[in-house]
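Okay, here we've got a single chain as structure tokens, the form predicted on its own, with questions on binding and movement later.
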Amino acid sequence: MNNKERYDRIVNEIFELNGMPINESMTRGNTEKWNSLLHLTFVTAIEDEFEIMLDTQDILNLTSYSAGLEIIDKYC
């Protein structure tokens, strides 16, 4: 499983998509479920799955689906 597939699995689980296609243009601003608590859960899931520790700036910059992929690429 490549990094995108692993990331997509996290997105699917955290945002409770139940296997529905991922909207790759999703952002904090256009995703109702994406609140501050879910954001921390999302960060933790990414850190656990990829065995990384995001720095503060990356946590703040994790504001969209695509930003998450870029952040993962930075570490992996």
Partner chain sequence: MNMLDSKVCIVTGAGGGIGSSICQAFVSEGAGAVIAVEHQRGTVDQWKVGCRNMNHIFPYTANIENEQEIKDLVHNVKKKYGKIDVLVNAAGIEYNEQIGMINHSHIERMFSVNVFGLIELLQYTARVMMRQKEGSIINIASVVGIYGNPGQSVYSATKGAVISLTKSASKELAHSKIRVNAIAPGLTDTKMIQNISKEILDSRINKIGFERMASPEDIADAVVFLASDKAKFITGQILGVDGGTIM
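Keep in mind the model is a prediction, meaning the values are calculated, not measured. Positions refer to the first chain, counted from 1.
There is another form of this protein, the form predicted together with the partner chain, and it is not shown here; the text below is about that form.
_Taking the partner chain as it sits in the model of the complex, is Thr27 near enough to touch it, meaning that at least one heavy atom pair lies within 4.5 angstroms?_
Contact with the partner chain, no.
*Contact of Leu54 with the partner chain in the model of the complex (heavy atom, 4.5 Å)*: Because a heavy atom of Leu54 falls inside 4.5 Å of the partner chain in the model of the complex, the answer is yes.
*Taking 4.5 angstroms as the cut-off for heavy atoms, does Thr44 touch the partner chain in the model of the complex?*
Contact with the partner chain, yes.
*Indicate whether Ile59 is a 4.5 Å heavy atom neighbour of the partner chain in the model of the complex.*
Output for Ile59 is yes: heavy atoms within 4.5 Å of the partner chain.
*Has each of Leu40, Asp48 and Tyr75 got a heavy atom lying within 4.5 angstroms of the partner chain in the model of the complex?*
Contact check passed for all of Leu40, Asp48 and Tyr75.
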